[in-house]
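To begin, one chain is listed below as structure tokens, in the form predicted alone.
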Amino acid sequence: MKYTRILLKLSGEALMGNQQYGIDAERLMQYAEEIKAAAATGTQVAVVIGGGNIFRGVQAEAFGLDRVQGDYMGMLATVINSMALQSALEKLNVNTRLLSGVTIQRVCEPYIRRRALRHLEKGRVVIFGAGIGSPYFTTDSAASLRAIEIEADVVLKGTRVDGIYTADPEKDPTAVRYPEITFEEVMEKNLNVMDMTAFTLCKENNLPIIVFDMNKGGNLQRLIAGETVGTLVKMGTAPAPKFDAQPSTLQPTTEA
């Protein structure tokens, strides 16, 4: 087992399966099975899931709504998805706790860092809903922040593609996948991994990211076991400092 504690980031859109909207029951149970298998290895598992299959905050302005109001609507959408995932996991007899960045006492616990850590230490799968509880921050940012707070070893971003490519593989058949890449290279090449706030949080805290295909069965377990799956984003090796070969011009001192 390579990782002791992970933060799994799932998109809300992934829950749609082949539907145009909402939650596909088959896809939901598939993810629950994958998470159960991962937790069974002894790795502590935390999950952040988006809400794009129901509502995205950025849609608000297109509808003529206030952006802040729209973001709160999006947070509630993530809680719906989180509740669905929690129910699916509990159907598989996995002990699960849902912690929310927005207080909704009847359905989930408020997010408290120490409580989240305690749940993880007891072997429970912890789902973080409602983002960070503030507008203008994506669920990618919530995933990065929560991962840092709980001292996760890695952020695993489950997508429908098997890593980071030189171009969009669904549009460019010549696109090539990177097995690993540095944070600096991602920024230089302007590759779309996470939004800049989330990405910068991981970079500044030296928290690696792995982008992988969550829809391929067993990938999550293989990652936890240390196999090379998807694309690893990590800190680059700092170049050795260059020194001037000229002799020093400093004069010796006679002071004691």
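Just so it is clear, the model here is predicted, and its values are computed rather than measured. When you see a residue number, it is the position in the sequence shown, counting from 1.
What comes next is about the form predicted in complex with uridine-5'-diphosphate (UDP), which is not displayed.
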Could you tell me which of 120-128, 68-76, 84-92, 178-186 sits within 4.5 Å of uridine-5'-diphosphate (UDP) in the model of the complex, going by non-hydrogen atoms?
68-76
Please state whether every one of the three residues G12, G50 and P135 places a non-hydrogen atom within 4.5 angstroms of uridine-5'-diphosphate (UDP) in the model of the complex.
yes
Of F212, F55, F199, Y31, the one that lies within 4.5 Å of uridine-5'-diphosphate (UDP) in the model of the complex (heavy atoms):
F55
